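Quick heads-up: it's one chain on its own, the form predicted alone, in structure tokens.
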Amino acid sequence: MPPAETEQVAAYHDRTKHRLDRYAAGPDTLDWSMQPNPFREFSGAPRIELPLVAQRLITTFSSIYQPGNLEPQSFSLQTVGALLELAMGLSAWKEYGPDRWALRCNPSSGNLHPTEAYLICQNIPALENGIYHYVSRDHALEQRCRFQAEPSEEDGRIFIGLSSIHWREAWKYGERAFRYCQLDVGHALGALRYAAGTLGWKLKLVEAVNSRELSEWLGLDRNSDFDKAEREEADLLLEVMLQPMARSQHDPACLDILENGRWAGKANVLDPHPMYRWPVIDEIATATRKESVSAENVEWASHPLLASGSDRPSAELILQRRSAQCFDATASMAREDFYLMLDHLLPRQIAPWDIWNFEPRVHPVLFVHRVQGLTPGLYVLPRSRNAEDHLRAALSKEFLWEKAEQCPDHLPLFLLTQADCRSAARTICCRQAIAADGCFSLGMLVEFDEVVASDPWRYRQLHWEAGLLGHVLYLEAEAMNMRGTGIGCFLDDAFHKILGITDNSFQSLYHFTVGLPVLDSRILTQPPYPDRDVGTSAT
């Protein structure tokens, strides 16, 4: 019999599907004037203002994909500030009439931003050893904990922890919010990897740490520090490295925090008057906490990446990234650009996939609408050697499985059926026009039953991988002067029915669309930190 946690995951996933006759359980009404505070703060924690230097970085976007091409910059207050500014900071303020809202470099469902970032530092100039919480609104660090460490001649050490405040998403999306929080973690993971690449740094997932340990290290288990404030769920831990090297996954600096740390700060209440409660979110969070998981032995593809034509500064692309609200329904994209974009989704030992220590389990199914020289229809991109056989067995036997026209040999893109898919794409994505008006849209099929049965924690990780794919598409679209949009509202089983899927071997977790945006000139764009001076160039 499967463990109780595995059954909980399957039940939660089925319960939170949108269907033709009903949506997943959510609030009956929304009062936007009562939206929770989008910024977590810890009152009483000492603050350090970070310099704004990201816009002065000259690293080109294409060079991030070239391992060893960049000389890594040293750890400093400036470069730490640049990392956080490009990954988790604000990219702009928007104004429309009396309304004003912030955009961030890391995408989020509904712009609700449940993901919080923490820094664990040791031997970094101008930063005391300790744990810091990043406040994106102010581009500042709050020192949550100070700890002593033995003097060392080694280079400084930096870890980044990510957590989720589920209520930020649940306020709008109800029970489905846990899914969106995990997708946002995947986007944050991608945002951090690209930001690190801009500085010549690498990131490594710290696989051996479990959820309980991470919660302790980030101070999320400190009841007195949260009191009535919304709690945070520990998600993952990353190590920032100047050079790739093997290190112990249980780092002594982290353990010192528990033994010698002095904590400060009280979390703010984000929503003083919540109208709903969704206990199933706490239940699925508990069921999917990580106990002990080791990385898999992955056979990385060796074929070279198709050359990117973008020599624009990576910081410029990252800071201009937006989610399109409307597309030009007549625009098309070049086939070569389409193949280039899909090529960046294949796992290799380059950014951002060098951060991923597991076999690819997420496989895009594409609705191609207007790609020059490519037959409109339904396509699939298996991202691992075994996935093609599994997909052929699970999908409809009537599909063609023809290699796409003039597709590069190494790119496993197959035409399933020729069709005008615009109406189907719109219907599946909760009747949203952006799914039909872009040049193409896609749904991300994940290997579900087998992966979740191996460890319920992998349910979170499947969403992270899907979010990471989405982030690649966002930035590649910007590099091609186009724009993308993540779509979390879709009819799960209606999509499965089109594909002929009759069991849970594959499930859809995320949808996405890319096209030429139509901008709303009524919405004003303001700088992200209007009261701050941009600092000197990072070196």
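Start at 1 and count along the sequence shown; that's the residue number. Note that the structure is a prediction, hence the values are computed from the model and not measured.
Below: the form predicted in complex with a small molecule, not depicted.
Novice: Using a 4.5 Å heavy atom cut-off, state whether A387 contacts the small molecule in the predicted bound form.
Specialist: Answer no; every heavy atom of A387 is more than 4.5 Å from the small molecule in the predicted bound form.
Novice: Does L242 reach the small molecule in the predicted bound form if we count a contact as any heavy atom within 4.5 Å?
Specialist: Contact with the small molecule, no.
Novice: Heavy atom to heavy atom, is D184 within 4.5 Å of the small molecule in the predicted bound form?
Specialist: Yes - in the predicted bound form, heavy atoms of D184 and the small molecule come within 4.5 Å of each other.
Novice: In the predicted bound form, does N268 have a heavy atom within 4.5 Å of the small molecule?
Specialist: No, no contact at 4.5 Å.
Novice: Exactly one residue in M482, L50, I487, L473 has a non-hydrogen atom within 4.5 Å of the small molecule in the predicted bound form; which is it?
Specialist: Selected residue: I487.
Novice: Between L411, V298, L103, A229, only one gets a heavy atom within 4.5 angstroms of the small molecule in the predicted bound form; which residue is that?
Specialist: It is L103 that has a heavy atom within 4.5 Å of the partner.
Novice: Of 25 to 33, 488 to 496, 42 to 50, 61 to 69, which is the one stretch near the small molecule in the predicted bound form, taking non-hydrogen atoms within 4.5 angstroms as near?
Specialist: Checking each option against the 4.5 Å cut-off leaves 488 to 496.
Novice: When the small molecule is placed as it is in the predicted bound form, are R321, Q432 and Y510 each within 4.5 Å of it, taking any non-hydrogen atom of the residue?
Specialist: Per the other structure, all of R321, Q432 and Y510 touch the small molecule.
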